[in-house]
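So this first bit is one chain, no partners, the form predicted alone, shown in structure tokens.
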């Protein structure tokens, strides 16, 4: 590692690696830091993503695709179900391989990528961020830069070090646990979603196939509903009923924000991307594509800042403006829908799925589902319609 780079990106996940690539591709010298031994571990993700969402950022490679998803089945609390065939092609990834491939792509464009490099603080000069302090193989190093991009996930320390408020309300963070189950009977090209207060209050249970007898089976509970009975107990009860003979081969747990984008994701010499900026779909909890889009914008803005030697908040706000234009404004609408969904009782879910059963397969889309969910709120229906006119709303 050199003593100074134009840009240092902290975190080698999809948002960080894409940010690093776009900054380097546009002329900046870039250091990408990952605290673990390799990108993509530990896997804390359901691993579902839309093909259309990731295609602009990396050439599709079968190495990191576990399954292709063509159908989504929604299960109501009463056991009734509706199948959605018209939502585009989905993929279940092998995140460990996928994240590594993204980092390899960044390296091709000149990024210097270092693993086992744990950022432990920012460095300051004349009251402004001047670099990053890291623990690299038990050696403390200080590396200078002009722009820091924080892509260090939901627990982001980088934002807090910079004085950015990254906290969210308890109701806006889901507590999650997931098992990879083997020896189960599933449809290989269909994911499943289960709703209801007895299944997952304020959230849902998901089943994402990885092959014909293995799937990621997980649950997300809204934080303010998890005090009486935690997600593990809910998930264990579900699995006992749905997959009594399933064998757990991997367990992962963690938090997923279901909030709007943070009010502040830019400060002098710093930008936050991905989970660190709460750039996650508030309804599904999916953030892979959102993070990559944010990373691409932040990387370009960082490179432009280097060229023009403008590193203040006012200039870097170009990233926020472009983010809001592309996805951020959509996320605000999604958050309002989520708030509406949190208010729904089981009877509402039952009636919603019943209505969806009667929608022709070629017209059953995410838009149709959301419109039905909030049709008793005309103002929100209008916002959804406007959002879809501007750009197609994505689940992932």
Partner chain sequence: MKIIKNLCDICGTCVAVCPADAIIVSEFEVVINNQKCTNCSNCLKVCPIKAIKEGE
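Since this is a predicted model, take the numbers as computed values, not measurements. Residue numbers count along the first chain shown, from 1.
One more form of this protein, predicted in complex with its partner chain, exists but is not displayed; see below.
This chain appears without its partner; in the model of the complex, the one residue of 336, 52, 44, 354 with a heavy atom within 4.5 Å of its partner chain is 44. The single contact residue among 259, 253, 114, 97, judged by any heavy atom lying within 4.5 Å of its partner chain in the model of the complex, is 253.
Highlighted residues 80, 210 and 340: none comes within 4.5 Å of its partner chain in the model of the complex, counting any heavy atom. The stretch from 229-237, 142-150, 280-288, 296-304 that comes within 4.5 Å of its partner chain in the model of the complex, counting heavy atoms only, is 229-237. Its partner chain is not drawn, but in the model of the complex it has no heavy atom within 4.5 Å of residue 63. Contact check for residue 74: every heavy atom lies farther than 4.5 Å from its partner chain in the model of the complex.
Mapping the unseen interface onto this chain, residue 89 falls outside it, with no heavy atom inside 4.5 Å of its partner chain in the model of the complex. Not displayed here, its partner chain is approached by residue 155 to within 4.5 Å at the level of heavy atoms in the model of the complex. In sequence order, 35, 36, 37, 44 are the residues of 30-45 having a heavy atom within 4.5 Å of its partner chain in the model of the complex; the partner itself is omitted from this view.
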